[in-house]
Each structure stands twice: as C-alpha cells, then as structure tokens.
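Okay, so here's just one chain, in structure tokens, the form predicted on its own.
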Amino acid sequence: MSLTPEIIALLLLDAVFLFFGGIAFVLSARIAWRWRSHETTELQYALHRQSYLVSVIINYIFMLKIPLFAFFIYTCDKLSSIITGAMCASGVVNSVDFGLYLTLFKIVNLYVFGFWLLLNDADMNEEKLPFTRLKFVLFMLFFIPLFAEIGLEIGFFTSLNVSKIVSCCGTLFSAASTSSISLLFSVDEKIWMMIFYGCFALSVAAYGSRSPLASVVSNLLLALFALIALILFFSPYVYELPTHHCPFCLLQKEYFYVGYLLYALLFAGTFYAAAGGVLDLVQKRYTKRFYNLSLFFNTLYVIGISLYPLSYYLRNGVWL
C-alpha cells in the first residue's frame, strides 16, 4: 500500500464515520425499541433528545460523503500515475478484485442516506413525529451497506500494489472478451441511446401523471441507462475518439472536469424523483417540489450530454 496524503485522509474519515456511525446505530436501536410517541414520560424526552443527536450525526456523515465520493475518484485518478498500465481511475479501481463493488456501494449509500435525510426532515416537520421509529429502523438497515463500504475501502487501499501491471480503461471499456461490459457492446449503441431518451421521456410522463411510483421506477431506469448510454454512445463524442468509452476520463483536466458536472446533474435529477417518490409513497401524498427539481436537473443533464454529438456532427458533418 502507498500511503499518500489523500489515502490517509480517506482512511481517517472512514474511522470517524465508523465511530460515530456505531454510536448512531446503538442509539437508533434503543430509540426504535423504546419509542412511544403518545407518552410524555422522562424516558421519551430523553429519547427525543437522542434522536436529534443521531440525526445530526447522520447529516454530518451524508454531507461529507457527497464530496468524499468525488475525492475518492480523484484519489484513484491521481494514483493512476504511479500504477503501471493505469491511465485513469478505472485502472486503479479495477486493479483490486472488489474495487467495482466498492464504487457501487458508494453510489447506493448516497441514494439511501439521502432518502433517510428526506424522511428525517418530513418527520421533524410533523408535530406527532410519525416516522421516528421507521427512520431509525431504516438507519440500522442502512448501516450495513455503510459498514460494508468502509470495510471495502480499507481493504481496497491496503490491497493496492503499485508494482502490479493493470489494464487501462481502453481495455476495460471495450468490446473485448476480457471487458466487464463486453456484452453491452453486442447491442447497437444507437439502441442504447434510444432507450436512454425513452427513459427520460418516461420520467417526464411520470411527472405529468403525478404518480410517485412511476417517478421512482422511471428515474431508476434513467440512472441505469444514462450510464450505459454515456459509456457506449456519448463518451466517444466527448473525447472525439470512437474507441474511447471510459466514464472515468470525463473527470480529467483534459476534458475540463465535465464528468463532475454531468454526474452531479444525473444524481440530483434521479435522486429527487426516486427518493422523493418513495417518501411520498410512505407519506401517501404528492410533494411537487421533489419532481420539479428532478425534472430540472434531468433536463439539464440530457441537454448537456446531447450537445456533444450534435456539436461534433455540426462541425464535421458525420457521426462517429
């Protein structure tokens, strides 16, 4: 393992998250077990104060996890300069067997903890605190992927071998049989593009129908197929190279760090509709604010990513 300042910072924050997350887990179990919203005993007042403490801890963890996810990718990208064969963060992530699973856990945790914060906000805004027991039971469940993420991240950085030769992103994201996504290349890239725009159209239709369930499903599909379409169709237009499909190189200086903006828009758009929709199903009401934000961010993402192939065609008169 190479202990760079970035790795040390990430590992120290993992230890902080584990410590405070463990405290929040223990208190959540106590609150979930003994909470009685209709009682006015001294115990209930104590539990109410503890619930506020747990909420602050979880808010602290989530608000740091958003920039730390970007910092993790930045760290991997920086490490690519000292690991033979790696051209960007993808080579570093895939140099360890479970690197991809670590990245997926990080993404999933952003969604689930973001949903928890929405549920907590809805609970605190109600006089009778109707979701207190539910939110702490959910946190106990959500602590499992958080613990798994921290464990995988520690294992990831301790398993990095700077002398190991790894595959570059050109090999990892290609039609070669050794590629982890080679099956996706068996389908014409234009079909993936059509599915992507179709999912966006479904999300717009769900917005018009005012159906929380339809918004959840359509936006989760949009998140999935947006990433597939980005890798197989849109990214070559960003790089202006038909064989370059890496979703990590978008985060590099040579492409003006555009990936950070695109991924932030996609996350915000799909998160507000998916998490907000689940919350509305729990509350059994429709909160238009979530879907307005979702439509705004999703539309910006679709316009932004669509400008690349359109601009290329207008300048060159051909498609890649």
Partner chain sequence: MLANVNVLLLDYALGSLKRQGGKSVFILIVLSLLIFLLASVLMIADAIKLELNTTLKTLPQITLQRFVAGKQTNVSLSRVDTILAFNGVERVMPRVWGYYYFKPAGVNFSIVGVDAYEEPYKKRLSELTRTFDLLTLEKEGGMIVGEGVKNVLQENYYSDFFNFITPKGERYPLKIAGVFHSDIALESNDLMLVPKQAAYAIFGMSPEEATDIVVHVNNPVEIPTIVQKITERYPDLRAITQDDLRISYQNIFDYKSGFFLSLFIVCVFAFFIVIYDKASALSSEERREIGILKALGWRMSDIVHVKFYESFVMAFSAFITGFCAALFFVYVLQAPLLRSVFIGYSELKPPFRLPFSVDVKMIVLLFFLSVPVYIAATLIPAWKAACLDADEVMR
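Residue numbers count along the first chain shown, from 1. Given the structure is predicted, the values throughout are model-derived calculations rather than measurements.
Same protein, other form: the form predicted together with the partner chain, not shown, and the subject of what follows.
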Can any non-hydrogen atom of Y101 be found within 4.5 angstroms of the partner chain in the model of the complex? no
Considering non-hydrogen atoms and a 4.5 Å limit, does the partner chain approach V26 in the model of the complex? no
Should Y308 be counted as a contact of the partner chain in the model of the complex, where contact means heavy atoms within 4.5 Å? no
Exercise: Y45 in contact with the partner chain in the model of the complex, heavy atom 4.5 Å: yes
Quick one: of D97, E240, D121, D188, which gets a non-hydrogen atom within 4.5 angstroms of the partner chain in the model of the complex? D121
Check each of Y255, W33, Y286, Y60 and return the one that places a heavy atom within 4.5 angstroms of the partner chain in the model of the complex. Y60
Looking in the model of the complex, is the partner chain within 4.5 angstroms of a heavy atom from every one of F20, Q50 and P67? yes
Can you say which of 189 to 197, 225 to 233, 134 to 142, 78 to 86 gets within 4.5 Å of the partner chain in the model of the complex, counting heavy atoms only? 78 to 86
Neighbours of the partner chain in the model of the complex among 154 to 170 [non-hydrogen atom within 4.5 angstroms]: V162
